[in-house]
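Next up: just one chain, as structure tokens, the form predicted alone.
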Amino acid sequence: MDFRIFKQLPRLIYGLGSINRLPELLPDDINKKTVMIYDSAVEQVVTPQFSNSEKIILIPYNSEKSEPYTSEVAEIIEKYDDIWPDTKAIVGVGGGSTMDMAKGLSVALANGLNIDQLQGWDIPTKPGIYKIGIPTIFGSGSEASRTAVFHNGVKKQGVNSDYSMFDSIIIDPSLSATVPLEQKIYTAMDCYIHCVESLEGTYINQIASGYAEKALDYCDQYFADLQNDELIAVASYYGGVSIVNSEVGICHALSYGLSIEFGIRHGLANCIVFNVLEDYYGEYCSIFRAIIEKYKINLPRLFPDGIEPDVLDRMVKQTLLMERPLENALGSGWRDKLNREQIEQIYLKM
């Protein structure tokens, strides 16, 4: 397997309270401003520190209503059309959805295209506006990845490009202090799951393996008592570096169908899917279930009475679009190992 040149962020600030060091990462152009798009759930973190700055324009984003849509990128660009010519940097503060929104704005503005025209592999031809990611919940790996995922109304697909990677990030473990327990676990499990998929996949290489193994080690320590957010903060970054340089697998491919059809958030969708993938991930699924039971997390049973055929058909089609994750999981002959009927049967277990 031929791998891309190994990708890793050039600049990172880490530590408790390090969000205060944001100015150190901003470009020097004093005549331009910084746009900060932040998750409205963390307004109490953002506004006290940045609302009085004449050089920072704050844009709230409500990530709780859904995962990001391509139409939302276009709406924000149009609504704030007067600020972009004088923007030197875009900062995303929040969970994976908010950081993906920051990435999407950056590449869409720089390439002069709607974000749905950039979904796919290596489509942007110009570097995005300088962008900085500051996660406030840890596990998605968005801060380290080259992917920004969006719904376009029909399918869920990533903008996968070197140009959609952040130029700098800040990892401040203190920012997740107020996140609800279940949400923390679902997002941390996203890290656990995509590290498993990376390690068990055919795209794996020694460097990506090292990052994924250490991330899993930190996940194990974190899930022991959920007390040390520094562990999952670093695991999230390491896991993101791993999947940038390998790939996710079957779980992520199937989870997109749940998100498209039922609006289930990414972390929870992954947990629902991974719970029925013992045929593919064996002991890792047993470890996963033990953690879920330990913290009394009740995963919903989605289809106890079956599912409408047309809905199931759309979910299968969405899964089959995820060719790279499926090839990573099962090899170049994946179509001979995972057919439509097998995908349907996996969904019906949920």
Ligand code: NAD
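Being a predicted model, the structure only gives us computed values, none of them experimental. All residue numbers refer to positions in the sequence shown, first residue = 1.
Quick note: we don't show the form predicted in complex with nicotinamide-adenine-dinucleotide (NAD), though the next part is all about it.
> Is it the case that Pro180, even though its partner is missing from this view, gets within 4.5 Å of nicotinamide-adenine-dinucleotide (NAD) in the predicted complex, heavy atoms only?
Taking the distances in the predicted complex, the answer for Pro180 is yes, it comes within 4.5 Å of nicotinamide-adenine-dinucleotide (NAD).
> Is it the case that Ser168, even though its partner is missing from this view, gets within 4.5 Å of nicotinamide-adenine-dinucleotide (NAD) in the predicted complex, heavy atoms only?
No, Ser168 stays farther than 4.5 Å from nicotinamide-adenine-dinucleotide (NAD) in the predicted complex.
> Using 4.5 Å between non-hydrogen atoms, is Cys195 touching nicotinamide-adenine-dinucleotide (NAD) in the predicted complex?
Looking in the predicted complex, residue contacts with nicotinamide-adenine-dinucleotide (NAD) do not include Cys195, since no heavy atom lies within 4.5 Å.
> Please determine whether Gly257 contacts nicotinamide-adenine-dinucleotide (NAD) in the predicted complex, using a 4.5 Å cut-off between heavy atoms.
Gly257: no, not in contact with nicotinamide-adenine-dinucleotide (NAD) in the predicted complex.
> So which stretch, 227-235, 209-217, 83-91, 96-104, is the one near nicotinamide-adenine-dinucleotide (NAD) in the predicted complex (non-hydrogen atoms, 4.5 Å)?
Heavy-atom contact with the partner occurs in 96-104.
> Identify which of Ser161, Ser176, Asn111, Gln119 has a heavy atom within 4.5 Å of nicotinamide-adenine-dinucleotide (NAD) in the predicted complex; exactly one of them does.
None of the other options qualify; the answer is Ser176.
> Heavy atom within 4.5 Å of nicotinamide-adenine-dinucleotide (NAD) in the predicted complex: which of Val46, Ala41, Ile56, Val316?
Flagged contact: Ala41.
> In the predicted complex, which residues of 242-280 put a heavy atom within 4.5 Å of nicotinamide-adenine-dinucleotide (NAD)?
Contacting residues: Arg265, His266.
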